[in-house]
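Read the single chain below, which is given as structure tokens and is the form predicted on its own.
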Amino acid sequence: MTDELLVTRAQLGERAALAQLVARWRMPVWTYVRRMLDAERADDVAQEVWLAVVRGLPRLREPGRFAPWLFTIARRSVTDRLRGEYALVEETSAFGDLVGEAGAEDPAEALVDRAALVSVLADLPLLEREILVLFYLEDLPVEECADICQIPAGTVKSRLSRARRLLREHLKEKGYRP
């Protein structure tokens, strides 16, 4: 059954359709969130995503666009969590109570296995990491990445280019040869 049909049925109140959507998308959402945050926070944020999905599903006007809508919610949830944590660190460090922690085909992409890629992702800046995760690891097209990040497709392409370059540099530092 397609996502579009499941969304429509879930909007009509069919719990089994909602359960199928959650079963189908639970791991991709958690994986995306995990790649943006550490494991401790990923579970909490993924739950927040699904709560927002359940609340917002009746208002989704284009059931065929469920995946970009879902990843937009996930992105906003990650961003909200990071914003809240950054604000807390700034607020606390202002009082001196807390010291913050430092927190297309490409040869590098072709030669590196997923595990190595995931381990290097944490070293990349958030915007570049997000684009790599959405494009390569979630296999979303440039247009859907643009919708999710609310940026033009050209910006997605330029971030992908910068992310690939940074990825190659990080891989060289860690001893991988593209």
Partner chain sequence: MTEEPRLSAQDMIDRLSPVLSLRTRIRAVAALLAGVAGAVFMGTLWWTEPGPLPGRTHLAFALFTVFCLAWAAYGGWLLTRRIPLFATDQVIAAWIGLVASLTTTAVVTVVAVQRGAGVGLPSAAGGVFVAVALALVVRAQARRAALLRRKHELTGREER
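Numbering follows the first chain given and starts at 1. Note that the structure is a prediction, hence the values are computed from the model and not measured.
Below, we turn to the form predicted in complex with the partner chain, even though it does not appear here.
*From the list A67, A153, M27, A122, which entry has a heavy atom within 4.5 Å of the partner chain in the predicted bound form?*
Exactly one residue meets the criterion: M27.
_Taking the partner chain as it sits in the predicted bound form, is S161 near enough to touch it, meaning that at least one heavy atom pair lies within 4.5 angstroms?_
So S161 does not count as contacting the partner chain.
*According to a 4.5 angstroms non-hydrogen atom cut-off, is L18 in contact with the partner chain in the predicted bound form?*
Within the cut-off, so yes.
*Classify R129 as contacting or not contacting the partner chain in the predicted bound form by the rule of any non-hydrogen atom within 4.5 angstroms, answering yes or no.*
Contact with the partner chain, no.
*asked:* Check D43 for me: does it contact the partner chain in the predicted bound form (non-hydrogen atoms, 4.5 angstroms)?
replied: D43 belongs to the contact set for the partner chain.
*Between 4 to 26 and the partner chain in the predicted bound form, list the residues on our side with a heavy atom within 4.5 Å.*
Going through 4 to 26 in order - heavy atoms within 4.5 Å of the partner chain in the predicted bound form - the hits are E4, L5, T8, R9, A10, Q11, L12, G13, E14, R15, L18, A19, V22, A23, R26.
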